[in-house]
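In structure tokens, the next block holds one chain alone, the form predicted on its own.
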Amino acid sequence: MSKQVSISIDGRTITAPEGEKLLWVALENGIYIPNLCAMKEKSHPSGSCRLCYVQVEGRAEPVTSCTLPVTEGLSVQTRSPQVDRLVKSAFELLLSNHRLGCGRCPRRKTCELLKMAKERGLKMKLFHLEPLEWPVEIDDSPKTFAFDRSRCLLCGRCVWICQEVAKVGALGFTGRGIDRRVGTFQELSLAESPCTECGLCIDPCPSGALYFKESK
């Protein structure tokens, strides 16, 4: 059994297993921290979405809570001017590469972007960035689900599940930098790929990029 330690989050004293990542401790105790790429089952969090920052007492710069193990006496704040600025910038960067139109989105009732906007007082529109112009590409070749790339947030959840849980490997990252996307080997359609339509990648998708056809 893991040793229990006492930590403070937003002034609230919490007991948690030593070494557990702060993000999960906070969420499991009803304290919201924005996140997209984190999955508790992953042994090595990527910290790539840059949304789960917290301010740690004694440190000058915010750190990602998905990579921060809890230790005795750890004291953090989920909000600070620096944290809020970083989260706002990361959020707008996501919006610049995401096709809006929430009313027709299959994830509109459970969208992680909408949840973040509500929790942090953010607007679902761009202020400092221009939208990246991507064509609307919907791969509806599978019988049970579809993949709308224009709504993909590159969180990597579906890729990890397809490769590490389903052990299929149909989905992966392609391209680099601004051209980075989720897709299949040689850009095959999902029906032509090794995809087995197990559906494990659908529920973890935070934005409606992957959805069962019956939910559209």
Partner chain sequence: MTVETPYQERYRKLKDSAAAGEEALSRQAVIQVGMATCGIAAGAVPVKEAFVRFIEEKNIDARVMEVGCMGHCYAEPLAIISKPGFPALCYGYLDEDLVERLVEDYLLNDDPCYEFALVALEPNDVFPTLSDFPRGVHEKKIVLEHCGFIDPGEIDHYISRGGYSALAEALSGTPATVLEQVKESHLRGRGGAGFPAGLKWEAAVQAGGGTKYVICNADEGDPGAFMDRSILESCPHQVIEGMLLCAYAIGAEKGYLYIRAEYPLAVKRVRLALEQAREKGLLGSSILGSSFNCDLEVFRGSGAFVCGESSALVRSMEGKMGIPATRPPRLAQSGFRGRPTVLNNVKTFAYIPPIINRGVDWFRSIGTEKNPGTAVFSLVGKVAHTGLVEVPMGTTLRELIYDVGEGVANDKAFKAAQIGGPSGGCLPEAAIDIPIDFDSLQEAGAIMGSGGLVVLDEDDCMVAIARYFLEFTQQESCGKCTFCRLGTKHMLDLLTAITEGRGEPEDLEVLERLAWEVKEGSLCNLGATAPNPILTTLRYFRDEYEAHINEKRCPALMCSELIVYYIEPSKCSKLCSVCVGSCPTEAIYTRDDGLKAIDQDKCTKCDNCLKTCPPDYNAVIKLSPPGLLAEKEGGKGA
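From a predicted model like this one, the values you see are computed outputs, not experimental measurements. Residue numbers count along the first chain shown, from 1.
There is also a form predicted together with its partner chain; it is not shown, and the following applies to it.
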*Looking at 85-93, 101-109, 70-78, 136-144, which one sits within 4.5 Å of its partner chain in the predicted complex if you count heavy atoms only?*
85-93
*Which one of Ile31, Leu153, Ala166, Cys158 is close to its partner chain in the predicted complex, taking close to mean a heavy atom within 4.5 Å?*
Leu153
*Quick one: is His128 in contact with its partner chain in the predicted complex, heavy atoms, 4.5 Å cut-off?*
yes
*Within a 4.5 Å heavy atom cut-off, is Gly175 in contact with its partner chain in the predicted complex?*
yes
*With heavy atoms only and a cut-off of 4.5 Å, decide whether Cys49 touches its partner chain in the predicted complex.*
yes
*Can any non-hydrogen atom of Glu41 be found within 4.5 angstroms of its partner chain in the predicted complex?*
no
